[in-house]
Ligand SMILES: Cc1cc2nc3c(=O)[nH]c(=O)nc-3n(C[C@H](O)[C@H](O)[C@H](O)COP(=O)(O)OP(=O)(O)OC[C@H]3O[C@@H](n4cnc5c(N)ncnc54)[C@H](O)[C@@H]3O)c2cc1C
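Only one chain comes next, encoded as structure tokens, the form predicted alone.
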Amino acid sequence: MRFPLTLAKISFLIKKYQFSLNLPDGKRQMTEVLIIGGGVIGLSIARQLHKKGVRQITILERGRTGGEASGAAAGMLAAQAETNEADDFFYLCHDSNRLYPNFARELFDETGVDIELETSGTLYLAFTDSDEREIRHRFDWQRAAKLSVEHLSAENVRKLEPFVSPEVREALFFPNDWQVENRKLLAALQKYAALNQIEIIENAAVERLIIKNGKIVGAATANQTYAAETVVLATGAWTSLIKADGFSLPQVKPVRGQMICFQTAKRLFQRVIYSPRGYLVPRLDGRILIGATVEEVGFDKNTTASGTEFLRETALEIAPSLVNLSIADKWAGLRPFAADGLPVLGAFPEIENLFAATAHYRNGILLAPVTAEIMADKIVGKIESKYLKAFGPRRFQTAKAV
């Protein structure tokens, strides 16, 4: 059965031809929205754009889909445990966390993949005088902001988690800080893409953006040119490596985070457990993830003996009962960090139809649902968000108009 060409389809085909004429010689491929970066942010934006009616979506991934920071993460949804004040960034994290139950249900309905959202809460432990001051400050401002947080005695902590160290002094409990199995989240998003003809091209490292008369018209890898009406940079730690004549992208640097993993026959812990030095994340299959280092070492993703030892010490401070377990696995990821430590979200005023969704640093998994919503709303419906204003690329004032 043939469907008639709509005006929107005819317009798209005309633009496809016009863009092709404007692009450099060589192989060319056309799409409506080109997303550069196949991590959790790029995949989530692609899904949300598709749900809003966009049907020509291509994702370019420099390596393997989900193979960088998204796959290396621990999947904590720690909106309260990892923030120190009620600013715009906190509320961005908070709003995204509240989206997760529906996000998880929809993904399961769409793909049959359970992303293992666990809502048992998060503990934040104090072992020293300094730790106690830190958690009491956090408790005070969060109670003042009318957030859900509880102060627990050492005795109550041990009742909740019997394998926690007897040296614990006190703790905070965040009932609304959760966790998700990030690798299953990536699997669900990739399956959604496959089921809905969202094209993913791996091993396609974008080298430069193609800009004509102040408008994005595509991007180029070493051997392929991709034309697009709209381009979204979900490029993580590699954002600053992409070139564009007469235009500078915000500087985003990689920050390495090493992790280790223990394997137990049965689950020992029921919730995510923090200390000021690191965290422990229990999985349903008996794995216990320990993270993470914070290292500025460029694009080096190797694990190190010193990093592994630090993580082991972090684990044993939280739970000395792990002392006889051997390390089952270790890995590292490169978190994307902007100059001010905040995400870069929204349009580039100087370049028409070019958008950024990058520099999520330690919060890419947490911020995926809200990033997808506000970016898709902006791209499809021209709907503004207070977060696009707060975290837009304009704040860096480094770009030059073409």
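Because the structure is a prediction, the values reported are computed rather than measured. Residue positions are given as counts along the sequence shown, with the first one as 1.
Beyond what is shown, the protein has a form predicted in complex with the ligand; the following relates to that form.
So, Y361 and the ligand: in the predicted complex, are they within 4.5 Å at any heavy atom pair? Flag for Y361 set to yes.
Residue-level contact is defined here as any heavy atom of the residue lying within 4.5 Å of the ligand in the predicted complex; does Y279 satisfy this criterion? Yes - in the predicted complex, heavy atoms of Y279 and the ligand come within 4.5 Å of each other.
Heavy atom of A205 within 4.5 Å of the ligand in the predicted complex: Although the ligand is absent here, A205 would touch it in the predicted complex, with heavy atoms inside 4.5 Å.
Contact of T122 with the ligand in the predicted complex (heavy atom, 4.5 Å): No.
Is every one of V33, A193 and A227 in contact with the ligand in the predicted complex, taking contact as a heavy atom within 4.5 Å? Not one of the three qualifies.
Considering the ligand in the predicted complex, which of A46, V344, I365, M375 comes within 4.5 Å of it through any heavy atom? For this set of options, the contacting one is I365.
Find the only residue in G307, G75, P254, P250 having a heavy atom within 4.5 Å of the ligand in the predicted complex. Here the answer is residue option G75.
Quick one: which of 326-334, 128-136, 152-160, 111-119 gets within 4.5 Å of the ligand in the predicted complex, going by heavy atoms? Selected range: 326-334.
What are the residues of 230-250, in order along the chain, with a heavy atom within 4.5 Å of the ligand in the predicted complex? Those in contact are A234, T235, G236, W238, I242.
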